[in-house]
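Coming up is one lone chain in structure tokens, specifically the form predicted on its own.
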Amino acid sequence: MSSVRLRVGKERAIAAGRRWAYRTELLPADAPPGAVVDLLDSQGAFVARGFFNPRSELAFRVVTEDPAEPVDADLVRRRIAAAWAYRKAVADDPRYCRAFFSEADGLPGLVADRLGEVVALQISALGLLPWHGLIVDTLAELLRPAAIDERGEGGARRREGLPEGSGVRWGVLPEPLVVEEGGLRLRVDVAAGQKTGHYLDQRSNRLRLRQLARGDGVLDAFCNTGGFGLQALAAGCARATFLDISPDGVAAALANAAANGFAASAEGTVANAFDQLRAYERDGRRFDVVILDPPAFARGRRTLDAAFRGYKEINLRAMRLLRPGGLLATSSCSQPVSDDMFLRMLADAAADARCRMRVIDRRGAGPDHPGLLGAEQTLYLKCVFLERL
């Protein structure tokens, strides 16, 4: 077994729950990229065993802290089986859940979403490559989907040194693929849609919106395929505007609205949300429900200040667009933005908008997206529901 060694004092973060060591925290080592190695402290004592990749900023990823546990095919199978057993116990509907969530389930770099008949697979750790076929076979055996589709492209794979290539790895992909959510049917594009085609981390929050949404006008900004706005229409709201910079996203939202009997209640706008929110305010538009579900504004701590300003801008505009008694459902999937920072941003936005906002509910991802204390990247989603008084 090859080994890599931490610099003095760097083992404390691993002991506290972090599931990786940064390249700058390791002494130079000659283990090959993707190798399974032992991580040692500065004195040579065992800390953990996992994947080594000197090309990546996350140069070591923890798989086990048991020195007697080998990282082998049996471990891979056991971790996937344990994760699926957990989802069957906690998910509101195991047909639509994150079946495996990277570090939180003990195999860093592996994400698998169950989208009805299809499992959408993503692998972003070079150390998993030798077990690629085993991962596909195990998911097929346990989840029994019609198809397993892999999204194997993007910056994360390039930085890791993984070969790029997407496609069906098992079975035959159904066409069209439709998922169910609160009685609604949404068409999903696992091959070309954002992420794995459907944001399952917001599933429970979309259903919560349906419990809270009331009134006439709804604005679903950064709408993607329209999941939030459709739940507002299902709650009885009279009309929804689906806003996104992506023409494909708006078209998908309108198609989903029509498929669920809401064609006459839906309109679409293709525009930059920052610009369009200002335009709505200038034109005197007002809404009873505003949803903000933007992409991540902060990828790292160096972009936090700009992210804070961006979140504040859209939330300030959204608050001004609300009628008294209106509901704002606002989210951030930027992991570096903490819960406290997000709430502070909302308070600053409300003060500048001269709005009094009451917090109704604070939420994150559902239990199928478990987080680890000490590994903040697994606790990334913030979703807050507020009422304008």
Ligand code: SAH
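Just count from 1 along the sequence shown to find any residue number. Given the structure is predicted, the values throughout are model-derived calculations rather than measurements.
One more form of this protein, predicted together with this ligand, exists but is not displayed; see below.
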item: Heavy atom of G217 within 4.5 Å of this ligand in the predicted complex; value: no
item: Close approach of W131 to this ligand in the predicted complex, 4.5 Å, heavy atom; value: no
item: 4.5 Å heavy atom contact, L207 to this ligand in the predicted complex; value: no
item: Exercise: Y199 in contact with this ligand in the predicted complex, heavy atom 4.5 Å; value: yes
item: Candidate stretches 158-166, 217-225, 230-238, 257-265 - the one whose heavy atoms come within 4.5 Å of this ligand in the predicted complex; value: 217-225
item: This ligand: the contacting residue among D288, D293, E313, E117 in the predicted complex [heavy atom, 4.5 Å]; value: D293
item: This ligand: the contacting residue among V178, A140, A73, A271 in the predicted complex [heavy atom, 4.5 Å]; value: A271
item: Those residues of 237-256 which, in the predicted complex, come within 4.5 Å of this ligand by heavy atom; value: D244, I245, S246
